[in-house]
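Presented as structure tokens, the chain that follows is alone, the form predicted alone.
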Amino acid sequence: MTRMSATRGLCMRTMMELDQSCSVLREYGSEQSLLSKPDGSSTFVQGDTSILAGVYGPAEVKVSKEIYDRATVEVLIQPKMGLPGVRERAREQCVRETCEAALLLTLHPRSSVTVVLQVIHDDGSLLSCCLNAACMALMDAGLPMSHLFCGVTCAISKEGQIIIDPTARQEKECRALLTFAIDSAECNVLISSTTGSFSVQELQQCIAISQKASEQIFQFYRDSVKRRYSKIQ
């Protein structure tokens, strides 16, 4: 076998793996404007994982947190039970950095945008569900954004199989867990959160799979907005 034909065969196998992986996304759904007090709200469900999100702002900000040339973004994640811990703080940072990359914060200097995420049920892929719920809530609030974003989680099993949108059980059994925030403009990776051990090749495969899966989620965003405003008309 020549080197060119071997490379072509590898590419074909990789594309087949992408198609197979992306076809196992769990069912997802969302509903906006559920809460009356926030400026925007949504619920996002991925399989049995469910998040309720509320967005407040642009609003007045404390002097100690004021930034003169842009808005301040705060993210709070409330667990289903108990008080927020180290894991919640790490997820808050990921969501905050993603929101900061998407929002046009310079249009609202010396103000604050607060995103509150309440965990209703956690059955895996929690961070990606938080990202998706936050994006839907920001859209509902009508805040100006340069692009939308979504979250996709991949798990790598001990045998090396890549599982997209894993459940809590699959996360416990895997040797690596990777979550990516993808933008809607060019499908670039905005942030990544990883745990466990994996190779560079596995990382690249997970990124490619996540980018392909993001197309389905962005299409779901568009369909949800169309259905919502078609009812208003």
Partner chain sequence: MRDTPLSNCERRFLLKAIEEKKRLDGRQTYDYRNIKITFGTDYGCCIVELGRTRVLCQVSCELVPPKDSRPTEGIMFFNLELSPMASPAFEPNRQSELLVMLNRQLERCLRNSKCIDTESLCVVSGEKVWQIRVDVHVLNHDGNLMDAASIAAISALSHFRRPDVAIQGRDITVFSPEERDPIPLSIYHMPICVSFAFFLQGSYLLVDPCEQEERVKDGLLVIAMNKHREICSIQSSGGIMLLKDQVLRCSKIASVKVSEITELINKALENDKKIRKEGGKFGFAESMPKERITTLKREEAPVEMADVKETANEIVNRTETPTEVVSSPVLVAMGTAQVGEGIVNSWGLDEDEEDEPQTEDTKTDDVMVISDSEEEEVVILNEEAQKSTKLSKRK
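Numbering follows the first chain given and starts at 1. Since the model is a prediction, treat every value here as computed from it, not as a measurement.
Beyond what is shown, the protein has a form predicted together with its partner chain; the following relates to that form.
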Interface segment, criterion being heavy atoms within 4.5 Å of its partner chain in the predicted bound form, picked from 126 to 134, 73 to 81, 95 to 103, 142 to 150: 73 to 81
Counting any non-hydrogen atom inside 4.5 Å, which residue from I164, C174, L178, I191 sits next to its partner chain in the predicted bound form? I164
Flag L117 as yes or no: does it have a non-hydrogen atom within 4.5 angstroms of any non-hydrogen atom of its partner chain in the predicted bound form? yes
Give a yes or no for S36: in the predicted bound form, does one of its heavy atoms lie within 4.5 Å of a heavy atom belonging to its partner chain? yes
My question is simply whether Q201 lines the interface with its partner chain in the predicted bound form - judged by any non-hydrogen atom within 4.5 Å. yes
When the contact criterion is heavy atoms within 4.5 Å, does E60 count as touching its partner chain in the predicted bound form? yes
